[in-house]
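Below you'll find only one chain, the form predicted alone, shown as structure tokens.
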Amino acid sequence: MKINPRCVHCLLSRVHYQALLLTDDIDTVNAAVTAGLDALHRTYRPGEAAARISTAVHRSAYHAMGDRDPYLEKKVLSRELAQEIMPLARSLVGEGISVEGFRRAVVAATIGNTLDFGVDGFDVNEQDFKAEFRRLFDRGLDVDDTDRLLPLLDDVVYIADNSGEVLLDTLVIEQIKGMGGRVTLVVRGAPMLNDATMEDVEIHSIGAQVDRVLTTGSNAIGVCLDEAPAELVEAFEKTSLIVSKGMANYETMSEYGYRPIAYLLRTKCQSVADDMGLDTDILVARLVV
């Protein structure tokens, strides 16, 4: 996905938001915003990949804040919310492995993309996430290609998105494994925003549920192939299906042309929605072949 002029406001808004998550020291907040502005000035070019610019902006802001993780507390909250919702999610998906169970698991995991912070107008409803989850599950997928995914589940590379959300992804992983498929889970190589890392894999014991866990090799937004380990690139080339979770992964993976690829996300951003030819605030499971 290419950068859109409206992305500028979003990027700088998020830099300010995450600086305030870390500190109320105005000098540090100013340093983060200034660093973000400088990076934006250096990298913003029409037609440039959106994630390349956002990576530069966020890395510069993080560096100005001492490379500390401003989302630590939000990640803890995300994990707690996900753990609280899992009994309901499991009951809605149902027992056993089946075509309908797979579809329902995809719905639940895609709703998990709601576990996000700092996105204008789409911060997760911390106080009543269970009611929001049930409402969205009853509504279901607005774009539903789950039936088309079924023949492609032999050897899946599943790119996770946010902390907490990755726990709901295990519902899909269980269905794939139950159907005889292999799963390689991919998480961020280092902290960036509230993205899932190896810490989430260890906390939730997800490693035992998949065949392999790889990282993106860095804290780049989404997946940066220039910084990815060779085994991840090889996995992308040999897989029967890539599952790309969330908007940041869409922004990057849509640039590379890997096929077949399934995008699971909630369209919380007008630029992403426009690039996909969709409305905002819908649940999407789209296969691109």
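Residues carry their position along the shown sequence, with the first being 1. Quantities reported herein were computed from a predicted structural model and do not represent experimental measurements.
We do not show the form predicted in complex with another copy of the chain, though everything after this point is about it.
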property: Listed range touching another copy of the chain, judged in the predicted bound form by heavy atoms within 4.5 Å, from 25-33, 239-247, 63-71, 220-228; result: 25-33
property: Partner proximity in the predicted bound form: L12 to another copy of the chain, non-hydrogen atom cutoff 4.5 Å; result: yes
property: Partner contact for R259 in the predicted bound form: another copy of the chain, 4.5 angstroms, heavy atom; result: no
property: Contact of L37 with another copy of the chain in the predicted bound form (heavy atom, 4.5 Å); result: yes
property: Contact flag, V288 vs another copy of the chain in the predicted bound form, heavy atom cut 4.5 Å; result: no
property: Within 4.5 Å of another copy of the chain in the predicted bound form: residues from 1-19 (heavy atom criterion); result: N4, P5, R6, V8, H9, L12, S13, H16
